[in-house]
Structure formats: structure tokens, C-alpha cells
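Next comes just one chain, in C-alpha cells: the form predicted on its own.
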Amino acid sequence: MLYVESWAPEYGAPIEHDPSLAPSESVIDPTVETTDWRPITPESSVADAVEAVCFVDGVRRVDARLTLDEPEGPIPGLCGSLGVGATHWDRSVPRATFGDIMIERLAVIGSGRVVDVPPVGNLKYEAVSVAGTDPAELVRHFHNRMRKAEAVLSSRLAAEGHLVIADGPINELKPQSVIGYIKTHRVNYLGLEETEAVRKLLAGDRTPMFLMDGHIYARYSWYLKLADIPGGHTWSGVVRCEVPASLGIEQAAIYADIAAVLLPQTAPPLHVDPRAPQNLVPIGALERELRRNLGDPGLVYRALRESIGQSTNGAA
């Protein structure tokens, strides 16, 4: 049967297959929690003791493309801004506030070259380099810097005693209260029998956990359904979560149950967000706040052109 996805087309789709990411069967163990693969409906009381939740996310933006004009040929670069922060959800009030917002600006140049960009008003770009000249490598370096900043903030908030929902896969081995939240399905990790359990999920249900090993970050993972989508297919409204395997199976199951209870409460209706229901309200609001902190893209671009142009002409 054919369906139309609920996401606005410019945001892609919640299911985007990438066969290159498919794991071998030997690194997936669906028997770690149970061999009886049926939907699990946790009691809402499992989340009673959770007073606060921190949602961590980041955004990035290329402010301007650069070219270093050298005798051996042009070398590509970019100026970009990234922002990382958290939405703190106090369930006792209830109230949510933004916090821990950090903005970084990078000038990334290829061919191992480091070039200082003149200050642009009060904006300062850190000069960094990558070895190659592929524009995709420049963006990848930029993206990895954002992911690293997200991981550092998530670990700090977890160390302070918070339950953290981190947008994207986890990249930590140590046991900590961080749940990775993955909105887009690029690979089906399960066999036919286990996949049938995903297809039967209702809002607030989760699947049993499965172990993802054979990777430096061994993880327990599970699927949960945020909302029942009218006219949707069996994977509509389904997301995947993961925690470090170093937590142990019992603690991981507690976090899986808490996520199945709390995350549906923060899922937006379809008319509120172009990536509803997967782009949770605290995450969508945080993304807008971070982009506001990056500054107006048109003004930043014009200021960069003026500042770099004056510096280049002055040196000629």
C-alpha cells in the first residue's frame, strides 16, 4: 500500500534507506531482553521519579564559502557557525527553559592551510584546517565539531544528575543517563519476526531492546511509537532510541520504559512542526532559539564579505 509521509518534503522523510550502513547479522542480538518479541506498554508510574529532563541538540550553518587564491591553484574553505544547547524541562512545575547555549564560529580551509579571518564586528572565527580539498570534507569537519560539542554537554548534564535526551546517536562508552534519540530510519536492524513487533506498536509502546555490538560504542537500542498517525503506515511516528551497553541491561530497560512514557508527551501535532511528530517540541523550540543566536544569515554574510574584502585589498 502507498502512503504520503507526514514530514514536509524539504526535510526529507523519516525513512531514508542507506544500505552502506547495514550491520552484519553477527553484531545484532535481539535476545538480550527477551525472546518474546511483542510490544511493551510501560506503566506511566515508571517516570514519576524523573523530576527534570534535558533535551540536547545542535544546529550549524555555513555563513560563507571561501576561496584561498594561491599560485598552485584555488583552495576551498568556509566560514560557519554552530550552536549547541539544552532545553531543561522541569516536570514539577511544569516549565521548560533554554540553557547552556554555546556558539562557535569556524573558518575551515582545505589543504592543511590555516588562515585567520579578520574579526567581523564582535564575531570571531577560529581558524582550522582539513587535509583535503573536497568541499564535503570541510562540512564534515564542521558537523563533527558540533556533534562533539553536543556529546560534551550531554555528559556534563548527565554527571550533574539529569536524564538527558540527546538528538542523534550516542558516542560514549561510559555508563551515563543519556538516551540517544534518532528520528530517521536509514537501516532496519531487525529480522522479519522482530520487525513485525515494530509494525504492531501503538502510541506509548516500545519494542524489546536489542544489542548493537561490533562497534566501538556497544549500545542497547529499541523502537518506540510517539503517536498514532491518522492515515499513516506501520512505521509512522516510530523513532529509535539507544543507551550505552555499559549501563547494564536492567538500567537500560528502566530508561527504555521512561522514554516510552515521556517522549510521546512532548511530540508535536502534525500541524505544529514540519517534522512532526518526531521533532519533539523541546528540540524544535531549542533549534529555533539556537538559530536566533547564530545571528541573521544575510547580515553575517555581508559583514564577512566586507571584512575579508577590506583585509585582502589592504594586503594587495
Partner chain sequence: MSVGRVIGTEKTSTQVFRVVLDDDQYLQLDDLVVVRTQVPQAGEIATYGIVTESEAVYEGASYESDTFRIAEHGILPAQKVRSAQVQVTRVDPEVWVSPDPGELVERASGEARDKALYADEMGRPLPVGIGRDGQPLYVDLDFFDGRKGGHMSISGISGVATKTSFALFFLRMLTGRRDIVGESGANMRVLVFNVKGEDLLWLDKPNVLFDDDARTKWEALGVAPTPFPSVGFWAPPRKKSGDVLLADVAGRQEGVQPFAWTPREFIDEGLLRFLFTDAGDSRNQLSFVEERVRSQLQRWAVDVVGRPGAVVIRQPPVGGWRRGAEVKLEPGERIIEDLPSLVESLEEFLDPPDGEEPDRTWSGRVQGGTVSAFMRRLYAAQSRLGELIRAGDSHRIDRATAQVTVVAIQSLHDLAQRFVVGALLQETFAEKEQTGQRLPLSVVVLDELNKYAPREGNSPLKDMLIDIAQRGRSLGVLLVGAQQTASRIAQEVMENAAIRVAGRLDAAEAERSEYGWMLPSTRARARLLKPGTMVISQPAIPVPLVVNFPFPPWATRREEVSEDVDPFVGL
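Positions refer to the first chain, counted from 1. Just so you know, these numbers come straight off a predicted model, no measurement behind them.
A second form of this protein, the form predicted in complex with the partner chain, is not displayed here; the remarks below concern that form.
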Open item on the list: Can you work out which of Arg199, Arg95, Arg113, Lys148 has a heavy atom no more than 4.5 Å from the partner chain in the predicted complex?
Closed with: Arg95
Task: The single option of Thr67, Thr34, Ser44, Gln265 touching the partner chain in the predicted complex, heavy atom within 4.5 Å - done: Gln265
TODO: Indicate whether the partner chain has at least one heavy atom within 4.5 Å of a heavy atom of Arg38 in the predicted complex.
DONE: no
Open item on the list: in the predicted complex, is there a heavy atom of the partner chain that lies within 4.5 Å of any heavy atom of Thr87, even though the partner is absent here?
Closed with: yes
Open item on the list: Taking the partner chain as it sits in the predicted complex, is Val281 in contact with it (heavy atom to heavy atom, 4.5 Å or less)?
Closed with: yes
Open item on the list: Please tell me whether any heavy atom belonging to Val272 falls inside 4.5 Å of a heavy atom of the partner chain, as the geometry stands in the predicted complex.
Closed with: yes
Task: Options 95-103, 161-169, 182-190, 73-81; stretch whose heavy atom lies within 4.5 Å of the partner chain in the predicted complex - done: 95-103
